[in-house]
Ligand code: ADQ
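Here's a solo chain for you in C-alpha cells, the form predicted on its own.
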Amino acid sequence: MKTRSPRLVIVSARAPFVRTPNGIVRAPGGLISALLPLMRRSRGTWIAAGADRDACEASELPFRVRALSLSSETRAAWYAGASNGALWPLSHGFVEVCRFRAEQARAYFEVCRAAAEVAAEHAPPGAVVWIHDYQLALVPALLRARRPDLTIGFFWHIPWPVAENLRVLPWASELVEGLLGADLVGLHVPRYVRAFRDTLDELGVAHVNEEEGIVVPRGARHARIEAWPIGIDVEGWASLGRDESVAAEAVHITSELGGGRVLLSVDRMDYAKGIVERLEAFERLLEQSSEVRERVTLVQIGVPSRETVAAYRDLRQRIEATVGRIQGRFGGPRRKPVHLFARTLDAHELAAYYLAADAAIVTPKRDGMNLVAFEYIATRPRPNGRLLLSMTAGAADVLPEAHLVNPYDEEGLGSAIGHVALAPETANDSTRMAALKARVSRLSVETWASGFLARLEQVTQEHAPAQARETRLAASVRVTRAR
C-alpha cells in the first residue's frame, strides 16, 4: 500500500542529529535510521521537543527540523522529572521509584502543548503527523483539537503500564485521553495491547476488542490501538558481521579476554535492565564453579544514562561497586572475570563484541522490546551462539526460540547463565539460532515504519460497516455505563 502524498511531520523528544565536538552528526539508534529516509522523501518537518535549537537551525537536511523554545527549568521538569521520574518507572513496574510532583506535571503539560502548537503550525493541510513516545503522550489530543484535518499516529516505545500501577498516576485519565487523540496508537506486542485494554476498563472508557487490536469510539471517528513490533536495521548489522575488520577485532577481543567463553551484556545503565542482579548471579556462579572461574568472562557494556536523575546516579555506583567486589574476590594479575565498559560504543565496536560473544545475556527486569537481542542475532553470519533473554522483555514475545529466563528468579537466572556459558553447543542450538535469524530478518525497522504509516492511512480511510460496528459500540457503551 502506498502512503499518502501530504508531507510527513515527526514529533519526538530527540532530534535526528546531535552536536558533538566533531560537529553535528546523526543521532544513534534504529528509530532515527528508519525515519530519516521517510523524511528525506517527504521533505517534511521533524519537531524535536528536547533538542538543541541552535543545532537544529544549523542542520543541512532536505527536510526542516524545529526545536521547541523551552527554558532549562521547564525542560528538566518535563524530561528528567515527569517523563523519567514518573512515567518511565511506572511503565516498567517500579512504582516505588516514581515521583509525582505537581510542578513537573505542569511542565509535562506545557511541553506537550508547545509541541502540539508547533506541529499545528508546520503541518500542511491533510498531512500525516507521527508522534513518538511517552514524553509526548498528550500531544495527539491537543493537536487534533487544533487541526482536525490531520492524520495522527502515535507510537509508545516502552511497556504499557499494568492498570493496577497506572492507578497511582494523578493524571492517568489525561494521559489516556491524550493518546486517544491519535487515529492509530502502536504498542510493541499484544500483551501491551491487552494491558491498554485493562486500562480502558479501569477508566470506564468504552471500546471494542477486535482481532487486530482495540477500537475506541471518539465522536465521529475512532482510535485504534494495535501491536507493531519494532525491529532493527537488519542489513546494516548483518553487513558489519561480514566485515573483515570487525571479524579481526572480534578475534583480538577474544584473545585479550583470555580465549575462554565470552558472555556479553549491553545495556543503558537503567534500573529496569537488571544489571546488578545479573552481576550478582554471575558472582554466585564464580563461587560455585571452578570451571566458570577459569574459563568464563562476562563483558558488561553499560552506557551512562540520565545521570541528572538521582536513581540513575545511585545505580551506577551500585554497578561499579558490585564489579569491584567481584574483581577483588575472583580477579588476579592475569584474570578479570568481569569487564565493565561504562561508555557508548559505536556500531563497529559493538558488532565486534557481538561476534566475539559465545552468548548474549539480555535479562532486563522489564523492557519495551530490547533491540540488543536483535542486533546480536543479526550480526552473527552463521547460526551459532546463544541468546539468554528475559521473559519480561517485549522481545521474548517475538523471539520464542531464545533461552527464556525469569530475571526475578535468582537461582533460575544463575542456572541459565551457567548453561549458556558452559554447555557444549548442539544441533539444537543451531536450529534455535537459525529460527531467530529468520524472525529478526522479518522485523526490519524499515518494514516497521513503512507498515505503520500504511496502516495509519488505512485506518483513517476506513468506513465502519455501519450496522455491525454500531451495534457492538452501543453495547459496549451500555456495559461500561452499567458498571
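The first residue of the shown sequence is 1; numbering continues from there. In this text the structure is predicted, and so the values were computed from the model without any measurement.
Omitted here: the form predicted in complex with adenosine-5'-diphosphate-glucose. The next part is about that form.
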item: Location of adenosine-5'-diphosphate-glucose contact in the predicted complex, chosen stretch of 247-255, 324-332, 156-164, 383-391 [non-hydrogen atom, 4.5 Å]; value: 156-164
item: Three-residue site 88, 188 and 266 fully in contact with adenosine-5'-diphosphate-glucose in the predicted complex at 4.5 Å by heavy atom; value: yes
item: Distance check, residue 343 to adenosine-5'-diphosphate-glucose in the predicted complex, heavy atom within 4.5 Å; value: yes
item: adenosine-5'-diphosphate-glucose contact in the predicted complex: residue 183, any heavy atom under 4.5 Å; value: no
item: Contact of residue 354 with adenosine-5'-diphosphate-glucose in the predicted complex (heavy atom, 4.5 Å); value: yes
item: Residue 369 within 4.5 Å of adenosine-5'-diphosphate-glucose in the predicted complex, heavy atoms; value: yes
item: Residue among 276, 303, 95, 145 with a heavy atom within 4.5 Å of adenosine-5'-diphosphate-glucose in the predicted complex; value: 303
item: Among the candidates 195, 396, 350, 319, the residue which, in the predicted complex, approaches adenosine-5'-diphosphate-glucose to within 4.5 Å (heavy atoms); value: 350
